[in-house]
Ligand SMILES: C[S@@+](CC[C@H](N)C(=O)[O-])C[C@H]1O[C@@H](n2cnc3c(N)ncnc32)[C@H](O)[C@@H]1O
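The data below hold one chain only, encoded as structure tokens and taken in the form predicted on its own.
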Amino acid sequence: MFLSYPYKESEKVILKDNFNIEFSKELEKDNILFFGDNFDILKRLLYKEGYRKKIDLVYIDPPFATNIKFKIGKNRVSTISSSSNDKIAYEDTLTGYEFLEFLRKRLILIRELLSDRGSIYLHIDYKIGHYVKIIMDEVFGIENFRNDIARVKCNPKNFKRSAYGNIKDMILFYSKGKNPIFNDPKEPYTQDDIKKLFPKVNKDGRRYTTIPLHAPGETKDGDTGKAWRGIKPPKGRHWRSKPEILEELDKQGLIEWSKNGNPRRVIYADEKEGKKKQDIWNYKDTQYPLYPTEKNLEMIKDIILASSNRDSIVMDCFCGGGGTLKIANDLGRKWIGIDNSKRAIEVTKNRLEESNSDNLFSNQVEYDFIVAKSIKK
């Protein structure tokens, strides 16, 4: 599946080993902040700096094809200049197929930089996101599509336009291959969840539920198909554990016997981590961001914890105010950030170098700052 539009370049052309930049210094540290065009920097990382298949996680929040100039003042972030002193942070002026090709070319390079267990989360809005989904199917393969995550970004709106209020945007989650890093994040149970999912209460007041001791399928090793306590698993099923393990569970009081002598495994609510995280996320953006379009930092933290490990390299090549980089650092990950906005680099540097007692921003950051300069021919 692919989109057809004017001036769409072939992957062969995009992946040519050519770039017209030089770095202001050699890469020395694990963490790197680049100032420059991310296309040329990604190419150099791929072909000269040895980063092919080295990056485990990419989170990007690229322009949304809004045709808006985002501005920033001393105490405000806005899309409309309210002061002559306000500076343009960046211009989101590419639209239509020009925007899609701009993004596709960078996604192709990102794919080559991702490790075999790598993943990408691309943050986008509902107006252009469905076209971007098709581009990502083309670049990463529809078989590597993991989720279209709906992110609730704000409180309900009451505008007069003839349409439903828009309170969400979308995150497209793809992997490089079949076996990505995924640490299966959980969400805490609510009190209603606990009452519904763990309806029974024991003599000590602990909430629990029970599940069958057998599972579908014939046994492979023979032991789980044998009788236990004179009971054989139903036809076409096998015990979930070997009889000696079932015996131990029963001694620990972890098997409940019905009046008819049917055994079931006891599962306590207070021993469960929580429920599986779903694809609707409630991470509203901060009211006072340091940089335009800055996303919820707890959300970014959870993405990094879910799809990378300690010492993984995390990359954000539209890094804006640098929240992804700082959180990656605090979680023990290595990182690469790229942006071509001077204001973005200023905000990112301040964030990386600030001393903050908040746990989210507690670790000191050591990094290289690299300027990518065009090579004059």
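Residue indices: 1-based, along the sequence shown. Here the structure is a predicted model, which means the values were calculated and not measured.
There is another form of the same protein, the form predicted in complex with the ligand; it is not shown, and what comes next is about it.
In summary, the region of this chain contacting the ligand in the model of the complex, judged by heavy atoms within 4.5 Å and restricted to 305 to 313, 44 to 52, 327 to 335, 341 to 349, corresponds to 341 to 349.
With respect to the ligand in the model of the complex, the three residues Val58, Phe173 and Pro180 uniformly fall beyond 4.5 angstroms at the level of their nearest heavy atom.
When the ligand is considered in the model of the complex, only one residue from Tyr121, Phe140, Trp239, Tyr291 comes within 4.5 Å through any heavy atom, namely Tyr291.
By the criterion of a heavy atom within 4.5 Å, Arg106 is counted among the residues contacting the ligand in the model of the complex. The ligand in the model of the complex comes within 4.5 Å of a heavy atom belonging to Cys319. Proximity of Phe102 to the ligand in the model of the complex falls within the 4.5 Å heavy atom cutoff. Contacts to the ligand in the model of the complex (heavy atom within 4.5 Å) from stretch 114 to 152: none.
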